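The chain below stands alone and is given as structure tokens, in the form predicted alone.
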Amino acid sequence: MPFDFSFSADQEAFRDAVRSFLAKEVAPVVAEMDEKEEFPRATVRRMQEEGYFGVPVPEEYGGLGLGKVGYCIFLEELGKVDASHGTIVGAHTSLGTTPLLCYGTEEQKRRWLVPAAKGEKLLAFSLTEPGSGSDSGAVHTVAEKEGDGWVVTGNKIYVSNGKEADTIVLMAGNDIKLGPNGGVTAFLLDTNLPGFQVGRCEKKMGLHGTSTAELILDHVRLGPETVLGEVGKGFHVAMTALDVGRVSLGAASLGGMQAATAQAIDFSKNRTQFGLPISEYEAIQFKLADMAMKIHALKFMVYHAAAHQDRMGNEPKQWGRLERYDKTREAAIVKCLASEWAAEVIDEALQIHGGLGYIRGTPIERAYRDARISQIFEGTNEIQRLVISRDLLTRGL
């Protein structure tokens, strides 16, 4: 695959517009949102009105039609401002609209994808359960056949947007004995249905603007039109969404790294010790150099992966087997390196800030708390290494 890449004039204009919007609408509310631990409804509404919840979705389905590259541009810029808003968008777009775009029927796209892309509905994605996290095939939520429909019963946890979502892309076991290959189905579950309720919402170290909810499903009845993709093929639906989510998480991490490095540079130029700005000391300069190297490398990886996904398109039946493997390995590499490098860069930025970096309420302290989850969600980094190594041992470099 070629590694040459450059942004078009339209993509650069989109970046400028996003940057201006976020500076005006989102940045001013972040500190208060984090302190109060409240979902930022007003700014989410403004982002929906601007079409930012449908960036990669084709225009025919209500989106901006900017593909995965445009989506990563948006999340990179959003990552510079706030990780909570980025998580809300990611749960909706990467994990919510991607399955609909790739596996939805035309009727499903019109009913669920179009309003989601237009910002009229909020989506969430639910796979994790109390007894299954990294073992994503160990689903115990049950979907029992009833006539031509289904009855779903079980509990889900750690659902981003779970409290606010209008529709959940939900994985349930149609035949638990079969495991992930054949035994799990993806459903579109509207949250106003009888038998659905939101349980506990977790208090978290970071991402204070997001809900991380338990979902309780007590004999929720779903029609046949709610099956997304084929019965028993839910694991493929989930993995397709996660491939997109892992690359876009890389873009958000890239933005967070850039913001932390810029803050560290500014602070180092203005903080004086022993008669000199600390930026004059080699110890600080080497930290900044290491931070810049990681940013430079990650930028190429993120946008190379995003451009690859754009070239593949949104029709899984047209993807070759080896192309699928390449996409999944590449997404795992991006996610793993991005989340770990972001943690390292933000940690070094905090160190450069000294005691001020440890004070609650500073941007670098918030970034430090927010970044830690990236090595856990969208598949732990241990799982990413399994994905990479197994593919490596099967196909080689």
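For every residue, the number given is its place in the sequence shown, counted from 1. The structure presented is a predicted model; accordingly, all values stated were derived computationally and were not measured.
Only in words, not in the display: the form predicted in complex with a small molecule, which the text now covers.
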Is there a non-hydrogen atom of residue 160 within 4.5 angstroms of a non-hydrogen atom of the small molecule in the predicted complex?
yes
Tell me, yes or no, whether residue 14 is in contact with the small molecule in the predicted complex, where a contact means a heavy atom of each within 4.5 Å.
no
Give a yes or no for residue 104: in the predicted complex, does one of its heavy atoms lie within 4.5 Å of a heavy atom belonging to the small molecule?
no
Indicate whether the small molecule has at least one heavy atom within 4.5 Å of a heavy atom of residue 389 in the predicted complex.
no
Go through 197, 155, 134, 272 and name the one with a heavy atom inside 4.5 Å of the small molecule in the predicted complex.
134
Go through 221, 110, 324, 204 and name the one with a heavy atom inside 4.5 Å of the small molecule in the predicted complex.
204
In the predicted complex, does each residue in the set 301, 305 and 310 place a non-hydrogen atom within 4.5 angstroms of the small molecule?
no
In the predicted complex, which of the stretches 125-133, 226-234, 144-152, 182-190 has residues with heavy atoms within 4.5 Å of the small molecule?
125-133
